[in-house]
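Shown below, as structure tokens, is a lone chain in the form predicted on its own; questions about how it binds or moves come after it.
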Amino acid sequence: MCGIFGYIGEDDPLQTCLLGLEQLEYRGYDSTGIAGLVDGQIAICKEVGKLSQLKAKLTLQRLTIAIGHTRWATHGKVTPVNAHPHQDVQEAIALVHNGIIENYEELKEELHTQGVRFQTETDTEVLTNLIAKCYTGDLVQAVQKALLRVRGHFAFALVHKHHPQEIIAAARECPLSIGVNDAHTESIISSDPNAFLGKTLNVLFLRSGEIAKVEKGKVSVFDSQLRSLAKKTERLDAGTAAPSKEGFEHFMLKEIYEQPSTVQKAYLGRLEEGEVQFESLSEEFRTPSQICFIACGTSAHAGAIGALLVEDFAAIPSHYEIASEARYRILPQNTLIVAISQSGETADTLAAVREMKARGYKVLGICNVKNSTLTRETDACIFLKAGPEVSVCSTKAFTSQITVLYLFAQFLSGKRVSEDLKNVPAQIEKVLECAPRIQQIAKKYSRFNNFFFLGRRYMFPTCMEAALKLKEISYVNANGYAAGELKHGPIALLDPHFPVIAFCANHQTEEKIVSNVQEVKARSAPILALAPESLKGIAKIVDDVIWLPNTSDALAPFASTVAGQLFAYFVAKERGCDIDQPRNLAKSVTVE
């Protein structure tokens, strides 16, 4: 989840590193730090909080080489001493690290008996001192020897005061990319190649167990036995502008308003005269005996909707699994695994993908980020084409995911289909026009600290996603339930201080959801309904209604989702929360 950045080249390493960390702050903002070399010595500046806090207190002079870090805390509290970079006891090495060293406690005890006195609670300090203990003059060899002792998933970069012209980087099942420019005058290390600052670079990706010696305009890569490797590079062209809010108060609001466009981008060129065509999907993907969607968080909710779509359109048995649990399941051999991840770096999803591939399953990826790990490790991948999503709270990626899943279900059906999907952007626009009304309703409900979100069929995963949005950015207790489960326990919690948000835009289950709403009303809980314009009678039962355009059940998640996103946004704004970077969260979850 942490972000790593490193630079060696002709530009100012300190300023370049700060710019790189700006692009990586989505990976964690508990603390930030930079280390480099000044007059042959390691210099470090680090600070708790966001990058702006570090910039305000930056004491470093011009560095000759730099590594930087933005942290999402795993081992050790959010304190200045636990912030990265970390040094060994002799202050010869500075190291930045993403991931987890699983056996750090036994290594720490061993190093302690050898006289090492630790200053922090982190596993990173253990790794740094282990490498220092292995060092006898060859820095690459020291890293290789240390990694033979280490268990876990990680990526890291380090500098050494006796090696002022190189950065050593290594990775094990965590993303790390290295770019070199055409003139061979600079090299950049980053957890995310999209943070390469719009430069034209030839980029390589470290695979599990590989070590790289990075010099100005040159990279040497070695395997775990220190055998030299010839790595294939990919071209990353310049021209990518840094994300901008473009006048919106928050990135989340901007990305909500981008959805008419991003949904359209997801289907353009893929739905022609009733036939679905994916640019990278062969016919062999049409014939699974069943499908298992695996994902985490928001992407898992998309997978739940995908399972319903596939069963309804293609009559192929389908289900979704939370990725962290999926790796333990037993599935029939002709099951197609569909792995969904916005970033393509979600650790639990990647672990499940690797386990499923090892068992012989074919794996299809659905992803937003080119060159990500998921795109390289799946048998084929469908891209969302949603563009960068900056806000930690995912919005446009989710609706792009369900757009792709709608097309995928139609692809599996083998039938000519209607082009109803092309009406969705206009329906989303209609919801966006209701933003002032939704803001008024959100202000009314912002005083509550507990919510139930209810829905049936397509509205069940849709309401779970809406509940997740609210809890992510407003810090309130919001839970999505299948409406039929309400009376099997949760209804005991209802009272006038516990509102219910009812998602009613599923025609097949209209009568049943209205009955559930009546049950809620009988317990005096406040009720907000998200309902299609055709369901006029709901206004007589509930306290408030957000009216949605009429559409089919399979397409109803789009308008309902956008309404839920706006509701969550305005509640969070009313409560004064940090909307784009909510506490304890990171955009890309790269640790299990």
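Here the structure is a predicted model, which is why all the values come from computation and not from measurement. Residues carry their position along the shown sequence, with the first being 1.
Omitted here: the form predicted in complex with a small molecule. The next part is about that form.
Undergrad: Which of these residues, 341, 191, 124, 462, gets a heavy atom within 4.5 Å of the small molecule in the predicted complex?
TA: That would be 341.
Undergrad: Can you pick out, from 392, 139, 92, 204, the residue that has a heavy atom within 4.5 Å of the small molecule in the predicted complex?
TA: None of the others qualify; the residue that does is 392.
Undergrad: Of these, 140-148, 278-286, 467-475, 216-224, which stretch puts a heavy atom within 4.5 angstroms of the small molecule in the predicted complex?
TA: Among the listed stretches, the partner-contacting one is 467-475.
Undergrad: Find out whether any non-hydrogen atom of residue 297 is located within 4.5 angstroms of the small molecule in the predicted complex, and reply yes or no.
TA: Heavy-atom contact with the small molecule at 4.5 Å: present for residue 297.
Undergrad: Can residue 410 be called a contact residue for the small molecule in the predicted complex at 4.5 Å between heavy atoms?
TA: Outside the cut-off, so no.
Undergrad: Wondering, does residue 399 line up within 4.5 Å of the small molecule in the predicted complex on heavy atoms?
TA: Although the small molecule is absent here, residue 399 would stay clear of it in the predicted complex, with no heavy atoms inside 4.5 Å.
Undergrad: Taking the small molecule as it sits in the predicted complex, is residue 346 in contact with it (heavy atom to heavy atom, 4.5 Å or less)?
TA: Contact check for residue 346: yes, within 4.5 Å of the small molecule in the predicted complex.
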